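Okay, so here's just one chain, in structure tokens, the form predicted on its own.
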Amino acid sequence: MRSLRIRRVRKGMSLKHAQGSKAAMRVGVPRALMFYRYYPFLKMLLEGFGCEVVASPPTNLRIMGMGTDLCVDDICVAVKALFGHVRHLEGEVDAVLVPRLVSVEKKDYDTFTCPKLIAAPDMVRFSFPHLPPPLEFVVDVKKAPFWWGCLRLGRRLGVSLRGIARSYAAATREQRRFEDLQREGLLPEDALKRMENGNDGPPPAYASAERDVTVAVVGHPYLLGDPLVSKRLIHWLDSSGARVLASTMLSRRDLEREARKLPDLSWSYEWELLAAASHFMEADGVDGVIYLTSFGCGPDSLVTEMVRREVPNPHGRALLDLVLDEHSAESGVRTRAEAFVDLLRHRKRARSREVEKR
């Protein structure tokens, strides 16, 4: 039955027809890469299309190990996590949704995302031959508006135009709610948990403005949102008594305001990180900045240098580059996080003594 379904899909038939009418189609969404940016939107959209959405569990050592075994050594840890999550979903779902993000903004010059985001569906397609071809949610705003990808996905699943429009409107509201929670000071993982639990609850301890040291962490959502990949960096900063801000908490308006001071950058998501670093270097109350990146990420390696060379640092704030991969030890990240917080406290006390002397 499964091989018959795969053959029908590959011949171009409707996936909804291939699944049959007795049960909802199970669509797996890997908890990696753009999951931490678009999952609420995609989940609501697919459920509106009549699908059952199955998200892979949080990354664990088994998932990361499977992804590492499937990938070449020198690719970034985010792609290894993606492969591990797809392997976990294999055999559990009827199809896997892998977004293809080509261009996510319109500017006077060419813009594009990281090559791994553009090629993610192709990497999955050719690395997992026993899976049906992954469903694609294509975003290429240089050629078509954002909603066009939703329309193509809905028609591929056999959904009517009215059903697509209704699902798109509901998904947009859900995505706006997700982004609002992050603007309020939640990290992607905590914002997702709050949406799933359906309650407000108390703010997390790391968001407390009463703490004596504030650390801003700049990094992609798939690094900030995945505790195993980040080696629980946020937890160690929190346990050290630091207030934690993150680049995911900034609004589009904040980023665009900072971008006017900086060189043009064609990588859209790296442009966001560059603008976020600039914001935190000058924002009131920030004591230090951690730039979080994954080993083997070419765009991030260049942007890290741009942060040091191009971003103004009028207050002389401490900047820590933290490079991670699947071999990084959590104890090492804990040591560096605690040492960084201690350094910021020492500098803050030293400045207070200088002010008192004056």
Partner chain sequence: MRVAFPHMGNAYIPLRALVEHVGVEAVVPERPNRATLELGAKHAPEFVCLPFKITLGDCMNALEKGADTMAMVCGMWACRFGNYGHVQHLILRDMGYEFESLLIGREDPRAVWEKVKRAVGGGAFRRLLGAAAVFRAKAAAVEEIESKARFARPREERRGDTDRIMERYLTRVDEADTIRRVREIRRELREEFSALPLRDDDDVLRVRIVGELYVLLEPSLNFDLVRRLGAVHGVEAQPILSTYRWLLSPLWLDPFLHVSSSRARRVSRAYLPYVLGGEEHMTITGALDAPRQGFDGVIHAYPLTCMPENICRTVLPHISVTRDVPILGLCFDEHTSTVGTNTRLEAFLDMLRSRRGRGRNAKELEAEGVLRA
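Residue numbers count along the first chain shown, from 1. These numbers were taken from a predicted model, which means no experiment stands behind them.
We do not show the form predicted in complex with the partner chain, though everything after this point is about it.
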Hey, with the partner chain in the predicted complex, do I75, L265 and L302 all fall inside the 4.5 Å heavy atom range?
yes
Interface membership of R100, the partner chain in the predicted complex, 4.5 Å heavy atom rule
yes
Give a yes or no for E47: in the predicted complex, does one of its heavy atoms lie within 4.5 Å of a heavy atom belonging to the partner chain?
no
With the partner left out here, check for me: in the predicted complex, does some heavy atom of S56 sit within 4.5 Å of the partner chain?
no
When the contact criterion is heavy atoms within 4.5 Å, does S208 count as touching the partner chain in the predicted complex?
no
Looking at M66, L320, V333, V323, which is the one with a non-hydrogen atom within 4.5 Å of the partner chain in the predicted complex?
V323
Contact with the partner chain in the predicted complex, heavy atom within 4.5 Å, among M123, A170, L131, L228 goes to M123
Region of this chain that lies against the partner chain in the predicted complex, out of 154-162, 112-120, 171-179, 186-194 [heavy atom, 4.5 Å]
112-120
Interface residues of 294-311 toward the partner chain, as seen in the predicted complex [heavy atoms, 4.5 Å]
S294, F295, G296, C297, G298, P299, S301, L302, E305, M306, R309, E310
